[in-house]
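Same chain, two versions here, written out as structure tokens and called structure 1 and structure 2.
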Structure 1
């Protein structure tokens, strides 16, 4: 991986160029990194890839118009050329803009941040990584009913620099990995599968801590062989931390991203300072949690990662912002400007979003349910920032008269997001976070989502 030798003093000339061209704001981002990708099907390698890349982009703004241009070489001549292209695109875009606004200044800092690796990813050979993945795959074969396994592994590390016209300079070194596993079990013509992922930011130590993913996934797949199909109807449900996180991220979080609010697309567009959930409902997006996959010490516009309270005691109190949306709404940016790579413009994105835990135990919550389901994980679903959602659970357990009984499959929950927030009646004191990737406008970024066990009254369940 090529190191980026540029410093703030090397980029000062861009501020003069911006003034000469009447550019109100610019942000230049440099990146150099390398990745490793493995895919194994039934213990056989389907693909193995290792890549190295570098590049930079300039984002420019003037009179309501934005421009983005990309380059490869970190030379002054190349930077000047790409900068001029971005300025021309911004001025062209401004001709078709319906409104002008000022980008509020950010603090004048020079900052370095590095995600520490206990075991550096590049100190481990490709052979050793593959051998370890094959060992994990073998661990899934705990029963002869296990007929198929599929592992996807990715790791990467990068150095990034961002600099803007406010003389804000940030250098970051990042690293992390993600491990996905699917296991298929089969018996008497019946086939069931289960999927789990583990990962985090840091080094190879994360993979070593994730070895139990195989047996955990296999046990769940085997359990589903004895599952009964879900019956449709209305039930009280308890969502586990994974499903709680999925609901908060997918059904609610995207609606709280300020670009959708400004566009009038979000169900939350007219709800600021209004009661939208029970008193026990507090929802937070927090880019400062260092051990979570969405850790964002500085976003891609150089803004400090922050703990942003979106809902407090059931009341909508904030949105997630980048510089553009914060300037339009007259508030401070929240460190939620994130881009998939230097070729992409930073969008308003979540970091680590979660439903704040309560003070109940899972046993106490189960005792409250006379006829319901304990819902575990999810397989797929859809949601709209206009307020509707549907998630198919990975599995569920029937709860009868306060006791967990039969395992259930093919259950799906659906409803209206704000209606669900008003029917949350209990939250557990324990909570968990899951790593993953979130897509928006063709861009995918690493995120964390989670919450406690969540008891919701009268949920619509689809089944067979």
Structure 2
């Protein structure tokens, strides 16, 4: 990986260029990184891939208009050229923008931050990584009904620099890995699959928490062979921590991103300081949790990651911000400006968002349910701006008169966010976070999401 040798002094000239061109705000972001990917189908390499990349981008702002231009060479001439392009794009946007607003200054610190690797990724040979993957592939074959496996492993390291017109310079070193596994089981012509995903930021030590991924995935695939399709209709449901995390991320979190609020695309726009959920509902976005996938010590505008309380005891108390939205709304930025890569503009994004746990046990919650579902794991989910959401669960168990019974497959949950927040009736004291990726405006960033087991009354379940 190519080290970025630039320092703050090397970029001071951009502040003069900005003044000359009447640019009110700019940031420049450099990145250099490398990645390794292995994909195995049934224990045979589908691909063994490694790559290197580097580049930088300039984002410029003037009179309500933004411009973003991208370059590759870290030379002064190249930086100047890309800077000028970004200024030209910003001036074009400004001509047709809604109107001017100021970007509030950030503190002009020089900061270095590195994500710690207890076991550095580079200290483990590629052969050893491949051996590990072949071992876990073997672990998946716990039954002759397991007919197929698919493993994807990726790790990467990068160095990033960001600098802005407030002379705020941050150098970051990041690293992490992801491991996911799909297992297919087949019996009497019926086939079922299950998928699990593990990962985090740091070094190879993350894999130590993933040793059981193969057996866990295989057991779930086998269990689904006996599953029945969900029955359609209304049920009380208990969402497990990963589904609670999906709910709080998809159905609520996106609506609390201030760019959507300003654009009139959020159901929370007129709800500040109002009661929107039951007293037991507290929702927090926390970029400071080090071992979670959304750990953001500094965001892509150089603002330090923070713990932002969004809902406290059922009352909406905050939104997530970048510099632009914080400036427009007259509040402090919350460290939520995140970009997929240097070719993308930092948008307001969640980091690690979770629903605060309660006091109940899972058994107590199951006892409360006469006719319902215990929903386990998530496949995907989304929410439209009206607050209508859908999550696809990995599997579920019927709950009949307080007893967990039959396993259920391929069920979808739908609801309206503001209505559902008022129907959350119990939260467990057990709580977990999951790694994941979130998409917004074509950009995918790593996030953490989680919560406790969550009992919600009267949800619509799709089935056959």
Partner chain sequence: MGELNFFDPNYFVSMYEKISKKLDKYNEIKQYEMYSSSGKQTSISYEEGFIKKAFHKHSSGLGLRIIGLNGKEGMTFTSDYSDSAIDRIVKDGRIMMRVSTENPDFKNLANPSKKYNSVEGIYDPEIDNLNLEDIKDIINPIFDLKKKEFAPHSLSGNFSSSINSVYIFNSNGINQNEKKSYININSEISLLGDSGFPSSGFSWQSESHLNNLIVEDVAEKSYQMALRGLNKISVETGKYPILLSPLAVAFFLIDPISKAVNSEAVQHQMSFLGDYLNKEIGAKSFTLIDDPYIPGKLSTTSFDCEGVATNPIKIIDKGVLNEFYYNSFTAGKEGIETNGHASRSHYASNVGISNHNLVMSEGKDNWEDILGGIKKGIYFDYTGDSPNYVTGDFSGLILTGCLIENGEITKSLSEALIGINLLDAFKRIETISKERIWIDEAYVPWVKLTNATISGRK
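Positions refer to the first chain, counted from 1. What we label the rigid core is the largest C-alpha set whose atoms superpose within 1.5 Å from one form to the other. No experiment lies behind these values; they were computed from the predicted model shown.
Name the structure that matches the description of the form predicted together with its partner chain. The chain shown second - structure 2 - is the form that fits the description.
Superposing on the rigid core, is the Cα displacement of residue 388 between structures 1 and 2 2 Å or more? Comparing forms between structures 1 and 2, the residue 388 CA shifts below 2 Å.
Aligned on the rigid core, do the two forms place the Cα of residue 215 2 Å or more apart, comparing between structures 1 and 2? After core superposition, the displacement of the residue 215 C-alpha between structures 1 and 2 stays below 2 Å, so no.
Could you state, for a rigid core superposition, the Cα shift of residue 379 between structures 1 and 2 in Å? After core superposition, the C-alpha of residue 379 moves 2.3 Å between structures 1 and 2.
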